[in-house]
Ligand code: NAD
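Okay, here we've got a single chain as structure tokens, the form predicted on its own, with questions on binding and movement later.
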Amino acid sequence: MNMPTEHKLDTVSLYINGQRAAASGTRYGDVTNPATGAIIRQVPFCTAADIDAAVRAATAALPEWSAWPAVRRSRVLQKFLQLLQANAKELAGLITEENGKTFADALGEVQRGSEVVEFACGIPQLLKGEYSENVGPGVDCHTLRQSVGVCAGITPFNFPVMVPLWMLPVAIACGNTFILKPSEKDPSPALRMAELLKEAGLPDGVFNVVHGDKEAVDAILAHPGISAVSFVGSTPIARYIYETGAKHGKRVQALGGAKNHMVVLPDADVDYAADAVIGAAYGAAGERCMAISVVVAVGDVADALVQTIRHKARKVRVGPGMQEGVDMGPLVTCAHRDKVAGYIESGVAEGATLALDGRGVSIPGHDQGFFLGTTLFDHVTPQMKIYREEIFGPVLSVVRVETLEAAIDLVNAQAFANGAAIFTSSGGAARRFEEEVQIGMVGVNVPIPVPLAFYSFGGWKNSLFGDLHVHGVEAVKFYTRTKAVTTRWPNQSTPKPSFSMPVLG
């Protein structure tokens, strides 16, 4: 981090109360283009005063916004959905420029995020409560779902559009106001979405964008004006967010890391399974929380499977994300690229078989880019660092076991429990897997089992801290509080007051 440079790089602004704003602090971070390694703009690191300004704007906007009829809030989201679709290429271009993923992948990210907005447009139906008539003599009961208040989202670099859209559409549809702190590595898409929301008719102050590092995060977690916090990132930070936010009396959902397994049985179509794992392991350079990082080869399928994966992985074209025909772009930063390369060194040192080495890849004209090629390890054991830890890069490990039971035991022994998949032609094996595996999201012949927006997304164990997942009905539950109302209209037959515990039935 540093002060703004002499050649006056553009500085990413905050977005508070419906307009761009400058930060009050003096600390800045560099935003780089991962394909070139060049610094393209700078991002301010907010102070507690900046966070407070955003909270004050969100607090001021809350009474009017939460009082809007749900159908009226839905109409704003419908317009926002149209604007997202109309500006998808612009957003995807910003993603590719700052994140590095291919343009086609970035377009897919915008589409998947838009689907959550589409889900949130149905909020009038989703906010309906329950009603029971005559639960006691002349007594009725009903429930209301009401907004939580000012909510905040702290989101990662790997999906700068989709992950914020897991949170903010449902939050504001439920009548809350929202403060987003996107990753400082790729902050620009968040600002463009803020402008689109305003164009859609969202009142000023309902959605705000701040930037920063731990100082900004800690200010969000400690601020008494913020009622709920959503987070997606690594497990150590997720645990910290959950514990710190809860300590300050906030409702928290914190999604952590992953080590997603793909079990391949001997009866699977090897070529089909290999094609599936190539995209699942190496898409977005492996920087996905749902990326397959471990293939569990069961029985005698292992040799043919490893050979086929290696053959296909060699053909993955690595290059800048905007270049036609590129399958995999660079990693997000130089430091992260070097960290992933260090895991490859660790795997070799611990005795895994390096079937394909992605180090030393050279991209003509992009010598300073943060590139790493596809990497494949065979004969990996659960004791190895490359198996135990989340790598978050294009490194795939193959573990060999003899039976389906052993494969399930292996998956269930992992501390992470985000997603897992099985590839088989046996319905019985698939059913046993989906019943016994201790994982939040399961795929059957689907390598990345990310559910659509009307189902929940989230893992178990060290992949989630909190009770509720993101998007789907669970998100509506997270962003609302339930109020139970018991009603009686007195008349001549109404019982007289009693000092005993009331019994309505």
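Everything numeric in this text was worked out from a predicted model, so none of it was measured. Residue positions are given as counts along the sequence shown, with the first one as 1.
Although it is not shown, the form predicted together with nicotinamide-adenine-dinucleotide is what the next lines describe.
Only one listed stretch (360-368, 117-125, 192-200, 149-157) carries heavy atoms within 4.5 Å of nicotinamide-adenine-dinucleotide in the model of the complex, and that stretch is 149-157. Taking non-hydrogen atoms only, F392 approaches nicotinamide-adenine-dinucleotide to within 4.5 angstroms in the model of the complex. Under a 4.5 angstroms non-hydrogen atom cutoff, nicotinamide-adenine-dinucleotide in the model of the complex has E184 among its neighbouring residues. By the criterion of a heavy atom within 4.5 Å, G279 is excluded from the residues contacting nicotinamide-adenine-dinucleotide in the model of the complex.
Using a 4.5 Å cutoff between non-hydrogen atoms, F231 counts as a contact of nicotinamide-adenine-dinucleotide in the model of the complex. Candidate site formed by G283, F377 and F423: none of these residues places a non-hydrogen atom within 4.5 angstroms of nicotinamide-adenine-dinucleotide in the model of the complex. In summary, among the residues V326, A313, A430, I237, the only one with a non-hydrogen atom within 4.5 Å of nicotinamide-adenine-dinucleotide in the model of the complex is I237. This chain is drawn without nicotinamide-adenine-dinucleotide; in the model of the complex, the residue among V217, I172, I386, V161 with a heavy atom within 4.5 Å of it is V217.
Taking nicotinamide-adenine-dinucleotide as it sits in the model of the complex, the stretch 272-306 comes within 4.5 angstroms of it through a non-hydrogen atom at just one residue, C289.
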